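So here's one chain in two forms, each on its own in structure tokens, numbered structure 1 and structure 2.
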Structure 1
């Protein structure tokens, strides 16, 4: 989707941290009028150089905006700023669209959608995958939940940020993100087990990984995290403690849905053990250390 096919919009950006700041820059570079707010004002100063206005409050950023993009740290922080009397939602123009791009629980997103609808504001939940680099390069995977017409109206916002896919009604974006995180967690455990089997059996695990690339066992995790496991390079891209938070959120949702997901439940427990053993700050690929521990090895 090229950016040129969309009209210029006025976009309020709430939250300009590691992810929000480069996303705001990309929106401004695409020609949109961007007004940004962050709880810690010093994080907004460099944005001025990119033609972004700095708002004095979240409400100020939202007032008169066509689209309000939110990239705050958690569900409760979003609710705190978005909902209730005198909040962002009440400052928005009826017909404008609130796009929450934070990763928050499915139920929180559905509650926000209802609150927005009550004041005539459109709502989309649109969490992303791809990290800071994806935000800078505009290559994020954007998983969008909400009303189809609202989604179509909001695509001007997504185009400069990455590849958006509409996956269902409000809350579905968060569901897709949980599915993503579940696959990542389980595949890390899977690749770790396969490399351990190869190593203990007497093969060269680095060569085994190489042999498997391009075949049915290939995955982004085998390519990226498998390499980290072999090199024991566990500087965090994604820290294990965050991965565990995701697997816990997925399990809580599965419980609500009375859905038994045996592999995901087991892997949730493995990440919990890993964090309990003090490896929570390491990259999630360091789960291989937890498997070594279980097998009587003493990981360095």
Structure 2
């Protein structure tokens, strides 16, 4: 199958939470046969009305699938389901492709790639950026690591979900996602500090944000999360606890590479304190609440 020739595929979807469910719906709407499984079965029920079959187990979702998409919460959870006893990889047909779209450590992705290769299964690590809205709208940024030929074959899966870019061998997708998450986390902290500075100094922070739009300080974070901060709308599009997971992973890799990243280390600490203070389920833009605490204010 060459790029642009996307026949209907049978796709197993493992993980139908905040991101996985809308991604599964988009795949079904694109005409693929989709079979979905989630550890919490209730999260799959609404998918039936979209023509999605509900699998009784992760292995059932993967059996006889051309492509298996994984959107689980962490590296250990992925490893448990993909590589553990009665593993998903062992249920897959040789020649099928496993696409792990979760954010996991680089070494975890490389280990999964080796395990898949050993049984004749293609492997791609393809984490995404864009949050729940991007998953719903099909506008995700998809960072793909793995064999180029496998990537070309898997583009039937990526096309309904967003914009995909192949960035290198297995594990490279996770490296790109860590770079993304570093920029996102650090920029959230910077935008929060700037709005607090404007507010404490006596300006209207909403008007300051408006004045900055279109200038050098403009960014998606200022546009979207700056607005969230001003409106105190912290319904989770990207929960802070998962942002912290990623900043911790980035710090661990930096330490392994003997890299000193002082700004990122500070921001990782801010997110850690935010989670410790009970805000982990809020959107990551709620980091402004942690900064308010540090400045003697009670978060609103």
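We call the rigid core whatever largest set of C-alpha positions still superposes within 1.5 Å between the two forms. Just so it is clear, the model here is predicted, and its values are computed rather than measured. Numbering follows the first chain given and starts at 1.
Engineer: Which one here is the form predicted in complex with a further copy of the same chain?
Structural biologist: Answer is structure 1, the other one does not fit.
Engineer: Can you say which of 161, 177, 209, 61 is at the hinge when one rigid part swings against the other between the two structures?
Structural biologist: Of 161, 177, 209, 61, the hinge residue is 177.
Engineer: For this two-part rigid motion, what is the smaller part's turn angle between the two structures, in degrees?
Structural biologist: It comes to 16 degrees of rotation for the smaller part.
Engineer: Upon rigid core superposition, what is the positional shift of the Cα of residue 218 between the two structures, expressed in Å to one decimal?
Structural biologist: C-alpha displacement of residue 218 between the two structures: 3.7 Å.
Engineer: Give the C-alpha shift of residue 199 between the two structures, in Å, after superposing the two forms on their rigid core.
Structural biologist: Comparing between the two structures after core fitting, residue 199 shifts 8.1 Å at its C-alpha.
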